[in-house]
Structure formats: structure tokens, C-alpha cells
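Presented below, as C-alpha cells, is a lone chain in the form predicted on its own.
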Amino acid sequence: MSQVDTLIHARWLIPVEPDNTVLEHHALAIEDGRIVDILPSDEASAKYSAHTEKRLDSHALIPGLVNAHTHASMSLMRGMSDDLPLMEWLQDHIWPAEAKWVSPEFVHDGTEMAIAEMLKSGTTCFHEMYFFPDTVARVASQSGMRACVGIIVIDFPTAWASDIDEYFRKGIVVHDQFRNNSLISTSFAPHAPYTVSDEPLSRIATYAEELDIPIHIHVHEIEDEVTRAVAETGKRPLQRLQELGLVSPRLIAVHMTQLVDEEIEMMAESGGHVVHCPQSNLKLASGFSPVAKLMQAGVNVALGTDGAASNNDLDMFAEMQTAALLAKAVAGDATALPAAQALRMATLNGARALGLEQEIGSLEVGKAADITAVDLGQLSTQPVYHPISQLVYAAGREQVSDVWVAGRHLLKQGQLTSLDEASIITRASSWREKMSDFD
């Protein structure tokens, strides 16, 4: 009998790859943080002796969810200045609050809160775009969370950097500091075409190639962004990015609600990726991303929550359901985005966008043991005819019972094992008292 660290038995195992597959009464064997075997439960019990063995008789095991677009520490702004259009919300409320309050302490506390919320929601990896990426990376690593941390670039001074050169200099230090950390990867994160000028965008295209990392940017988020760009430059933002060398397999274009057919074709031909943030787009009335058209063209589409300041949560189960329903309505086709595809968007498609598809995003032998267990035995998901449909259309994040990242049990029967939830809530209340004037 072979020895392994952990053996997890479940009623259903949904590996995501192969597509639309459900394995009943199967087990995962984990050793040194990796999946070493997937096999029927009775065979697993005969083949392996485990230091830790867990039986989840009413649960589905799925790959840990990948939140492909976040502003984690903005969780401390959850509920501030709600029900406003995007640019008014940013310029008159969020940016002034950031100018006064954003600091390493703010980012530390907000990121810890975001990670705690994400782990309790079944998310095991997030893609971050915010200030003080060194703090984000450190908090994620210490908590055992997987993260792709953006090297933020923006034309104007902030608490993180005073000019473009400093953004690049400090960002590359972060890349170098964490390059050998198995949980942390990096991307370039220019905020948006309207906040980053041509010269730094061109530099990003060059540096991203040299460092072999993605480029993470808000693009075509609202109609006014595109209209202003055409008035000021004579070009739509995506065309400008293409001319500057950013539209490539490295591009992770977030939102993309304002697209014409030629731009969909451009993305497909380039191998670029799109991150769809349906709930944030709905709340800010940003528009509807043509997800079905993008996928039909062959574009890899992932899912993200955006920040909790504009969502107002980091719930990838809600994003899956909203994405599936919204795609059907936009396409006028009930088959436009099936449940299995929505789950894939929230797992393997996100991993692919981040360049991590060889490591995470599906339950396969050799991959990291990033795993989420969802209890489908609860009233709200009974009876279970099709487990994948139940996960997308009926299950909620409150049904997540256990989460592992690289084999480490970070959520155990609903309780966080690496973070102090009570302390996080206390610090969040303290920030609310300080920042209440900006509401």
C-alpha cells in the first residue's frame, strides 16, 4: 500500500478537463501539494494509506475557482458611494478616497479581508490590479493563497509611485522578489488606455516579452471611454493597443463590453484573453460583453468579480450564474453559455489567461492540489440530477465547506485555518470609522 499525504473521497468529482465530465464516488490522492492519482474510492482505499483521509459523501470536488480580475484591498470600500455611473464613481469618490487612505496598511488589511472572503467562497487564485503589489504578494503568500499580482502602471502619481519610471522600477523589484515563490506570479497591470499614455504602454509590451508575463488592463469598459478615445485620438482603444504591440497572447483585456465584430476577430487572431465581470458591469451599467460571440470566435474568456467596491462581493459562484444567464439573454439563445462552460470560465479559462493552465484550473494528475469542496446535500441543491448544473444555477458560496491550495487545507469545514477572521472584521470596522466621510 502506497503512502500519500491526503486522500479525499467525494460523491462527485468534476475535473473540468475533460469537458463536462462527472466522476461518481471517486477520490483524489495528494502528495507534496500535487494530485498524484484520481481513481474510484474503493480502489483508492485499497491502494493508498493516507496521513489524512476525508470523506465528503454529499459533496462535489471541483478545481479551485480562479478570480481573474480583482482589486482586493478595495474590499475596505465595499458599499461606499454606490449607485453611481463609473466615471463619477471613480473621479468624485473612489480616487479621492484612495489619495487620502491608500497605504501599505490599507492594502494589507483589505487584501487579508479579500483573501478570507475568497477562500470561504471557493476561490484559490486571484489576479490583482492595485497599489503596493509587494504587500499583496506578501499577504497572499503568508496566507497560503495563490495570486497573480499586477505591476500597476498609471500616468499620475499615487501613494505607490511618483512617476512612470518609479512604477516600472518598483514593479520589477516585486517581480524579482517573488519570482521563485510557487504561489505568486506577476503581470503588468496598466490601469486603462485612458490613464496610461503611449510611451509606457510601449515599454510594457517590451518588458512583458522580456519577463514572459501577461498584460492585465481594463479595456472598452463603457461606451463613453470608446467615444472619447475616438474623439481625442481618432482610434478605438483596442486599435491603439494593437498598434502599440499589446494585443497578443499576453493580453488580458478586462470588461470588453463595447466590441464590434472586427475587434472580436482581432482578439481571436491575436490569442488574447478576455475577463468578463458580469455583476460589476451590471451594477455600473457599463454594458454587456458579447461573451457568446467571443467564445464562438475562439477567444478564451475567463471570469472575474472586479473589486468589492463595485460588485459588492468576491463571489465567483454568483459570477458563474450571472454570466450564464446574461449570455443567454444577450445572445437570445438559451444554449449560448451552458453550465459546464461557465464552470470552465471560472477555473481552467482563468488559469489559461494567467499562463497557469499547466499548474491549476483542472483536477488532473500532476497539477497542484487547488481544490474546492461544495456540499450539494443541502436543501437548496436537492435533488441532484446534474451536478454541474446544480453548481452553476443553484449552489451558493455558503455551500463551500473545504478548500485546499497546493494541498494545504485553508478552509476546513467552513473555518479558515491560516487567517484570523475575527481580527479581520475588527480592522475592517476600524477602517469604516476612518473613511466614513467619503461615503
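The model shown is predicted, which means the values in this text are computed figures rather than measured ones. Don't overthink the numbering: it's just position in the shown sequence, from 1.
Below, we refer to the form predicted in complex with a further copy of the same chain, which is not included among the displayed structures.
Next on the checklist: Please tell me which of 260, 285, 365, 211 lies within 4.5 Å of a further copy of the same chain in the model of the complex, judged by heavy atoms.
Outcome noted: Contact check passes for 285.
Checklist entry - Looking at 33, 396, 414, 40, which is the one with a non-hydrogen atom within 4.5 Å of a further copy of the same chain in the model of the complex? => result After the contact test, the surviving option is 396.
Next on the checklist: Just to confirm the contact call: exactly one of 326-334, 165-173, 298-306, 183-191 touches a further copy of the same chain in the model of the complex at a 4.5 Å heavy atom cutoff, so which is it?
Outcome noted: Selected stretch: 326-334.
Next on the checklist: With the partner left out here, check for me: in the model of the complex, does some heavy atom of residue 47 sit within 4.5 Å of a further copy of the same chain?
Outcome noted: Close contact is absent here: in the model of the complex, residue 47 is far from a further copy of the same chain, nothing within 4.5 Å, heavy atoms only.
Checklist entry - Quick one: does residue 386 come within 4.5 Å of a further copy of the same chain in the model of the complex, counting heavy atoms only? => result Yes - in the model of the complex, heavy atoms of residue 386 and a further copy of the same chain come within 4.5 Å of each other.
Next on the checklist: Check residue 84 for me: does it contact a further copy of the same chain in the model of the complex (non-hydrogen atoms, 4.5 angstroms)?
Outcome noted: Residue 84 belongs to the contact set for a further copy of the same chain.
Checklist entry - residue 22: heavy atom within 4.5 Å of a further copy of the same chain in the model of the complex? => result Heavy-atom contact with a further copy of the same chain at 4.5 Å: absent for residue 22.
Next on the checklist: Do any residues of 374-391 have a non-hydrogen atom within 4.5 angstroms of a further copy of the same chain in the model of the complex? If so, which ones, in sequence order?
Outcome noted: 377, 378, 379, 380, 381, 382, 383, 384, 385, 386, 389, 390, in sequence order.
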